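Take a look at this single chain in structure tokens; it is the form predicted alone.
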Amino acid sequence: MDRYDELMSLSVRKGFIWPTADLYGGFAGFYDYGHNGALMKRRLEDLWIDYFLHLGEDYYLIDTTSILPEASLKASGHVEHFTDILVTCTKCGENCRADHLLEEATKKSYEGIPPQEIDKLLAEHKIRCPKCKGAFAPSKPFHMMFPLMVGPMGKDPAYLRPETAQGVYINFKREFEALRRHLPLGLAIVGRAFRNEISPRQGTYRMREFIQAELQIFFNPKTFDSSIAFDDVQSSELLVARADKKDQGGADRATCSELVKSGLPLFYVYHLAKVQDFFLKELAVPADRFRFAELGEGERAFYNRIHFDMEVKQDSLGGFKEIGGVHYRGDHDLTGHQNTSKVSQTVTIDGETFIPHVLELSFGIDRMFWALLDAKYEKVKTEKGERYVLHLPPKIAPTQVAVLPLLGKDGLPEKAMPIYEQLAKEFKCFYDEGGSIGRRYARMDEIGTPYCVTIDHQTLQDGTVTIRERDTAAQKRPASSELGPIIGKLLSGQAKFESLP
């Protein structure tokens, strides 16, 4: 079983994720989250919100509609430009995304290549239909938004939003006024977006309905640097693959100060450092699996002045894959909405009138979800054989603690149940008395439960219990009355398991 199939098996067996409507054969590009997946995803979203809204004093969460009027998406450029390159097999009719075919064949990126160049490259590399080996018809642009007609007569054209960002830009001026005209101002959305992908594949990596977490930071480019505590990160090393080297794999290390000297804006590098800390410290992604990959001028969207993708190496997907991006969008978005709506998006601060610039921190929640499964699911050898462990950070584990009576008799369940009920008031708990204790530990390990509490015969004598730590299988024996505070500190990171008495 290859890595992708192994992770999909875990996901289906343990209630993380599976294809939508699989009762009817599935629905390409759509996935449902099961009981463990939904909890893990929600914890991931909450962790993202808590971390990124604390990057600034005036950063807030908002929520906007998933359907937008056509005029707003004309202003953003999506109606005209939101396309990918489609090729269709002349033999079997299979539709494929052309740049993905080239990437699979050459292991290089082909973002932003025009159709004429795509056709030459497909011929040069002798790429044919992956389904029947037939030849492709000439490539053509394919529009990726889902159109809608709103109203009882269907006369109001609209689209499902292709990104959450436009909801922020449309609401910027109202929020700026409501929040007493301060910059920098951060507005975040965690919500659904929709793209009619040509060939959705690789599980949650390329979906037609997905969840984005985006923070749009509005600022004055003349003064933003002075509001940032760059001294806190200037010596931090970032894992960076510049545009001319990223196809070689891996990343180089460069300090924040060195990147600023190379020409990147100070405010931009500062946020790269904060994003890297989120992945390496909060999500505990191994450093050798993370990098920032720069997009060159021909690859990035026309409105992005600077664009680095966050990429995580995933064995199930064949290498480094994009999880999100840090985009310096300038004043493109607010200017576009001002020109189309005829409503001024200028602000006046300290006597200066200008249209704010935007720095966008954009993350795919579903992609992060899958990347964590890939990075954290491991077969561990033990003296008794092997066990499968999902090494999730405790903050995002779907079940935080399991309460397990050693046996289903001798008064142990009666002793265990009050402990479970008390812990369940504070934490997401699971109670299980079925099967051997070893099998129950194994079940908890495989869904990422960081701690198991076992009630045994000694508990009946002195009131102590066993706490077992998932990653090492080490055990400690505190009093049952101390469990709540101990587990709370372990989950929050205020205490380390090895430091417990």
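Quick caveat, the model's predicted, so the values are computed rather than measured. Each residue number is its position in the shown sequence, starting from 1.
This next part talks about the form predicted in complex with a further copy of the same chain, which is not shown.
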Exercise for the section: With heavy atoms only and a cut-off of 4.5 Å, decide whether Lys489 touches a further copy of the same chain in the predicted complex. Expected result: no
Handout entry: a further copy of the same chain contact in the predicted complex: Glu482, any heavy atom under 4.5 Å
Key = no
Exercise for the section: Indicate whether Asp432 is a 4.5 Å heavy atom neighbour of a further copy of the same chain in the predicted complex. Expected result: yes
Exercise for the section: Decide whether Leu68 counts as a contact residue for a further copy of the same chain in the predicted complex under a heavy atom distance cut-off of 4.5 Å. Expected result: yes
Practice task
Considering a further copy of the same chain in the predicted complex, find the one stretch among 262-270, 98-106, 284-292, 186-194 with heavy atoms no farther than 4.5 Å from it.
Solution key: 186-194
Exercise for the section: May I ask you to choose, among Ala442, Leu61, Leu460, Ala474, the residue with a heavy atom within 4.5 Å of a further copy of the same chain in the predicted complex? Expected result: Leu61
Practice task
Have a look at Ser227, Gln422, Asn171, Gln202 for me and say which one sits with a heavy atom within 4.5 Å of a further copy of the same chain in the predicted complex.
Solution key: Asn171
Problem - Every residue of Leu23, Tyr31 and Thr340 near a further copy of the same chain in the predicted complex, heavy atom within 4.5 Å - result: yes
Fill in the blank from the handout: Those residues of 29-53 with a non-hydrogen atom no more than 4.5 Å from a further copy of the same chain in the predicted complex are Phe30, Tyr31, Asp32, Tyr33, Gly34, His35, Ala38, Lys41, Arg42, Glu45, Asp46, Ile49
